[in-house]
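Below you'll find only one chain, the form predicted alone, shown as structure tokens.
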């Protein structure tokens, strides 16, 4: 089955519990929706935590994904079970009955079982820019169905040595699935539950980046008690505590996802995922040098609407000075105009402390503004 031509489908997967799968799904969805995208959360976990975190009581809905996936003709019913959670954000709810799906479909050939979710999502692809699938904390039929439907996979990865080992096994499983069904979604790793105050966490983050390289998001999700409070309140963090670290981090992730995983046919409305000024512009390019001073930083990158919000793309970067007086220098070549940007400092998105010119954003902190004349 060919992946959807318009909607981007992303499975959030890790067989380890407690790493932030549901937190990532719900709050990334909330931030994407707040920034103008149409988002569907598909709750494939029988525990229904994503459903609950979006304010929907699984005990009160008449139908859930079990009805969609259990019957051969059920794919056409996905539209009937979808519930609005907020503006531009909908959820296909789960329930405990979903845990019986594998037994229900035991007699069916494996390929037919795993394709049912993909067929269901194909029927709503024109209604959404993103479908985010929250997977259960184990690799079984429900997870395989999500991987079969997905264009991309996000693996939330807790900053710990044992979590690293588990993800390597998960990547092997995804690769094996790709060989068997000729469908290999692109895998991205997201560091979560990060506490930058500890040396252990900083060293583990560096190890994660070494292990996964370009697969690793620049954004890091910090530990934040407000994320748990938002889940209990049944709303995404961007609505519950828009100035909290949890909202800032997931807002930054939404920007990065919009740049890397834009819908296949179009960019989601309201999300800047394309360059505002083409490199082939007839206008004369100016060489602009910006600097970030931080003796404690290990990695500093820059992203803005001049490079599609992809950190350090089309940027000449160098570090000067010693550890006590380190300066991160970025050389940009830009046409005259106004540009918005931020720095990514050890995985945290920050405005430019040396530039007082700011532009408000819908997701919390302002962007810095650079005027090229």
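Residue numbers count along the first chain shown, from 1. All of these numbers come straight from a predicted model, not from anything done at the bench.
If you look for the form predicted together with a small molecule, you will not find it shown, but the lines that follow are about it.
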{"property": "Heavy atom of each of 244, 350 and 358 within 4.5 Å of the small molecule in the predicted bound form", "result": "no"}
{"property": "Residue stretch of 22-30, 305-313, 334-342, 55-63 approaching the small molecule in the predicted bound form, non-hydrogen atom distance within 4.5 Å", "result": "22-30"}
{"property": "4.5 Å heavy atom contact, residue 159 and the small molecule in the predicted bound form", "result": "no"}
{"property": "Touches the small molecule in the predicted bound form: residue 17 (any heavy atom, 4.5 Å)", "result": "yes"}
{"property": "Heavy atom of residue 222 within 4.5 Å of the small molecule in the predicted bound form", "result": "yes"}
{"property": "Proximity of residue 188 to the small molecule in the predicted bound form, heavy atoms at 4.5 Å", "result": "no"}
{"property": "Partner-contacting position among 166, 137, 234, 95 - heavy atom within 4.5 Å of the small molecule in the predicted bound form", "result": "137"}
{"property": "Listed residue that, although the small molecule is not shown, lies within 4.5 Å of it in the predicted bound form (heavy atoms), from 120, 216, 255, 193", "result": "193"}
